[in-house]
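As a starting point, one isolated chain is supplied in structure tokens, in the form predicted on its own.
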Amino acid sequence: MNSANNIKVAGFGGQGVMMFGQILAYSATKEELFGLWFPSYGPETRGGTANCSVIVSNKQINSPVFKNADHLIAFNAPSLEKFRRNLASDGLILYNSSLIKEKIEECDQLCVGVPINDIALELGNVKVANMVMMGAYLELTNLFGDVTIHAIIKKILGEKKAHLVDLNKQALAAGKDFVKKLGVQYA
């Protein structure tokens, strides 16, 4: 792992953006790394772009603010447009090609589209689209292994939603499989 990964996760409210970020930050602490999750609320929660910043580092994190992200995970077109200009030149853009149909022009970074909504619907529940994206992201970055992610998902879902753990694991696997079939590599 690089000394730090600055990750921007963005989309509409209800797409699981905040849960995505929390899982990454909690996974960092489980792996005895430093993890920080910084949600952005305010007027954006009223129909605009909701986002969070996540830092995963092997060194202490002194600030939740970063200028350029290393990775952008965009769940919708407004999020992609808003945050793609603040991305490191060797960064990664992972986007929801179920909602972002147009080809990304002028992309200096690795840009990978994953039809997360379509894959989640095939699994029977569009609400696991964020876990499809998580699987694709982890396949590309190798940031955390399945054991860690599965444990954190189980913890976040808790007893009330324990019946959804297996579906979320299936969604993770589906996202990973999609990227494997693309044959794209980043890490």
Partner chain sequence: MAKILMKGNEAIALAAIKGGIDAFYGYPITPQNEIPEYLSKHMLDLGRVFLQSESEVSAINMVYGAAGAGKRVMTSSSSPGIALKQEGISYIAAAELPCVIVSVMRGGPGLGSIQPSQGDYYQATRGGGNGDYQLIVYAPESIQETIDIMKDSFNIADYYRNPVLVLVDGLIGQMMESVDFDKPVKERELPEKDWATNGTINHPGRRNVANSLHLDPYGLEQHNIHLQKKYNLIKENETAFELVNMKDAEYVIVAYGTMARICRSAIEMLNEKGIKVGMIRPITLWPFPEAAFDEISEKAKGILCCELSMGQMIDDVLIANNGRHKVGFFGRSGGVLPDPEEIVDAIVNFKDKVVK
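Positions refer to the first chain, counted from 1. Not measured: the values here are computed from a predicted model.
What follows is about the form predicted in complex with its partner chain, which we do not show.
Three-residue candidate spot G113, I119 and N125; no residue lies within 4.5 angstroms of its partner chain in the predicted complex by any non-hydrogen atom. L36 is the sole member of A69, A50, L36, L138 with a non-hydrogen atom lying within 4.5 angstroms of its partner chain in the predicted complex. Looking at N142, you'd find every heavy atom of it more than 4.5 angstroms from its partner chain in the predicted complex. Contact between A162 and its partner chain in the predicted complex is not found at the 4.5 Å heavy atom cutoff. Though the partner is left out of this view, V65 does reach within 4.5 Å of its partner chain in the predicted complex, counting heavy atoms only. Remark: A174 does not count among the residues lining its partner chain in the predicted complex, judged by a heavy atom distance of 4.5 Å or less.
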